[in-house]
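Below you'll find only one chain, the form predicted alone, shown as structure tokens.
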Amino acid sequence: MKPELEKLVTRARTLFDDLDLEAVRSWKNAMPDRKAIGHLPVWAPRELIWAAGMLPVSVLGGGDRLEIIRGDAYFQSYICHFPRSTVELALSGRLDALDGMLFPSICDVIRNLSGMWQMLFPDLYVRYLDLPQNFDLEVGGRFWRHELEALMRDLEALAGRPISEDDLRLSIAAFAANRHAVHRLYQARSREPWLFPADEMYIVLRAGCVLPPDEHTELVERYLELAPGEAERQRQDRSRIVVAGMFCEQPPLGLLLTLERAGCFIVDDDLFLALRWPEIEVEITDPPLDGLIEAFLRQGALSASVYQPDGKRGAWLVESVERNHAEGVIFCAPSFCDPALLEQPMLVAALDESSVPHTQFKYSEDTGQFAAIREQAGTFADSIRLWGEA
């Protein structure tokens, strides 16, 4: 690997390994009175946080690098691993850099986690953020405006200053540029996946969970310039796969490596939804809050936590397969993730109707053994290449 690309990837890897949020602490310490607001990694109005002069930070759990000691005492064993590791991070002081937490309405477990956070950390700002399930401007739009205006008032009080319309316009533009860079990376990976290894692309994207938007945009754009210049990254005969079902609990990095080594090129995924939503351009309207509201309602939220009418659940997945010239889908959902696993039969039905091959397995963020997954994924990839069907 060339020195400049190696330096970039090393920086991204350092941020990935930074469970103590040292990068966030450094950002706060650079100027007095800076604050950081954590949020869970599906969706949150990051533009409002940044407009208030505060850093939005995606909280992604402890992965396979954190031993759970206290977190298990707060949740049942039959729910996903993510809330237990998030509580462990907080109780061990690793999230002390955060001045508040937002909990978007993802599932019942996260609703409970929000209430638990208020009891465990009564001096911190905590808000459960209800997302609209009706996308009519006069119904869901009115509700969403009420939620965002209430959040703005809270953030202004926490920041000690008002959020001006110019602040919000600049913030919307910064995150629009960031999403544009992220979308360009996804498109480049889809065209030539051998140039963008899954584990490398993952940590480059994940850096956006702790960096200011402009810094992450610069990192992604530089990676887009450097990665294609690696001469040893030659085109290979692998099956083009869309990975779906990775909700808020992130997979171990080794799992993504395993899929590639089993003969799969990941050409699309539903990781890091917080970095990609809304998928349409946010118009900088007058007032600018209108643009955020309309974008959320119009962007066609592709998440199991958002209601969609019957018959439309699998349309986005089939469209992704077609758009990315994929040859199959791997459902890779966290164990006990009710939204992802309840949605899966509807997605499977849509794939079957379109004759798209698919397979499925579950994981936990602290999974350490991948032999069975590699064998299953390898068999699936081989069946696609040999016979064109699974």
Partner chain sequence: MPDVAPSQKEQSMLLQKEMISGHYDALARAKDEGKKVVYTFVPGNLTELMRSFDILPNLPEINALQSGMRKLSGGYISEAEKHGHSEDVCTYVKCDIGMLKKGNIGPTGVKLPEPDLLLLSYTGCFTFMKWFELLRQEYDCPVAMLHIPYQGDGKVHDHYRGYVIEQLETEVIPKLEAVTGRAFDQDRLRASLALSAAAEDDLVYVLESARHRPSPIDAYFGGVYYIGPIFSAFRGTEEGAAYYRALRREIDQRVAAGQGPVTPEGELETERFRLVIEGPPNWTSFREFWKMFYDEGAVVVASTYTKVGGLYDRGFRHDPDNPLATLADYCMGCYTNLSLPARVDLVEQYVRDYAADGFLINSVKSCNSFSVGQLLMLRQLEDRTGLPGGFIESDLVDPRYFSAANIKNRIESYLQMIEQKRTAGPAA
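Positions refer to the first chain, counted from 1. Since the structure is predicted, the reported quantities are computational estimates derived from the model, not experimental observations.
One more form of this protein exists, namely the form predicted in complex with the partner chain; it is left out here, but the text below deals with it.
Residues with any non-hydrogen atom within 4.5 angstroms of the partner chain in the model of the complex fall in just one of 53-61, 30-38, 341-349, 317-325: 341-349.
Taking non-hydrogen atoms only, L95 never approaches the partner chain to within 4.5 angstroms in the model of the complex. The partner chain is not drawn, but in the model of the complex it has a heavy atom within 4.5 Å of L120. Using a 4.5 angstroms threshold between heavy atoms, Q187 stays clear of the partner chain in the model of the complex. Though the partner is left out of this view, E147 does reach within 4.5 Å of the partner chain in the model of the complex, counting heavy atoms only.
Interface residue among L195, V306, V182, A159 relative to the partner chain in the model of the complex, by the heavy atom within 4.5 Å criterion: V306.
Only one of the listed residues (V267, I106, M201, L255) places a non-hydrogen atom within 4.5 angstroms of the partner chain in the model of the complex, and that residue is I106. In the model of the complex, no residue of 219-241 lies within 4.5 Å of the partner chain by any heavy atom.
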